[in-house]
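What follows is a single chain, given as structure tokens, in the form predicted on its own.
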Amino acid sequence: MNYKIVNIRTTASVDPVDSILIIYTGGTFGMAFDEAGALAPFNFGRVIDRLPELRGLELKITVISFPEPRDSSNINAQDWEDIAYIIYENYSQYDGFVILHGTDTMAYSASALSYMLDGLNKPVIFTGAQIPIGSIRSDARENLITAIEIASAKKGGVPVVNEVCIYFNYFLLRGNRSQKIRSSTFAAFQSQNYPYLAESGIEIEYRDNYMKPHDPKAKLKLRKGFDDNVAILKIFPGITQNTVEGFFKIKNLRGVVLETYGSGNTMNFPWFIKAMQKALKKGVVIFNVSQCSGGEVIQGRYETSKRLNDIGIMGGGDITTEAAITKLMFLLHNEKDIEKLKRKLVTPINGEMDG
């Protein structure tokens, strides 16, 4: 791909000690009003004009832009691999990475990268905006400036943050624990099942106890590949036998995230259990997650989930749907032994679920 590369000139000294790589994928953040009054992607070569605050940073800042900005609704596994590869190729040259990304699928992308970047020992911070940078009331400025500050933060000479995160509206969240829960306020993201990692106020207050510690021996490895022969089946009252059986007739289906009620419950109708058993016998991996924001699957707590446990459906614990589907895609590609795959599915790879 022909990426666009821009070096941002700040008022920093001739040779700044710390450096940040910004990866611009697209999304609301990078939109501005053109002469006709329509929103269009703006030129990152003139980002200083939009964000003069960048001039005061004592950093070397480079921006790599996708050739064509992506609406995050169009993000796919190839884009995840492209982002991860950019980080991998530039890992030794920069102290931290900021990814500008549309909000709608940001939690999926952050989860995917958390699995791909094995041995990550530097900050990778996703951020974006609810209102374009070209608007007066845009949240883009604060989100980007603070994301850069977090990505460059060090304590005792080592990075404060050593994982994939989302920074949005004053809070730093673990990326694979995050979900977009609002579209009409600045507080778009929450992490219901894991505490926030930092809060930005007059100062940025980090909560070290909840953050992945720095590992001086870690070596970054890039683990690529996702299998897209997956689907999500959300259970609802009145779902029919034809719907469920038709769903499992999807050609080449290999994995399913089953969104169930509460702590992992479904109806226990004989036809439903039979449909699950038939799919499992065909080799389809079924991963049970809760529909509840902040929910946790505990298969067997109630009679309605005990049967799922008995027939071999895997319980996802407190994992989010976004982290579950990307993890399933990742493991289906990278682990060929089905029994090992199932064990890895219910075991944390990089903090996406309680172990």
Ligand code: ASP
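Quantities reported herein were computed from a predicted structural model and do not represent experimental measurements. Start at 1 and count along the sequence shown; that's the residue number.
Not on display, but discussed next: the form predicted in complex with aspartic acid.
Shown alone here, Ser72 lies within 4.5 Å of aspartic acid in the predicted complex, counting heavy atoms only. In the predicted complex, none of the heavy atoms of Ser290 sits within 4.5 Å of a heavy atom of aspartic acid.
Of the heavy atoms in Gly96, none are within 4.5 Å of aspartic acid in the predicted complex.
Aspartic acid in the predicted complex comes within 4.5 Å of a heavy atom belonging to Thr28. Only one of 209-217, 146-154, 103-111, 192-200 places residue heavy atoms within 4.5 angstroms of aspartic acid in the predicted complex, namely 103-111. A single residue from the set Leu258, Leu120, Ala129, Met116 has any heavy atom within 4.5 angstroms of aspartic acid in the predicted complex; that residue is Ala129.
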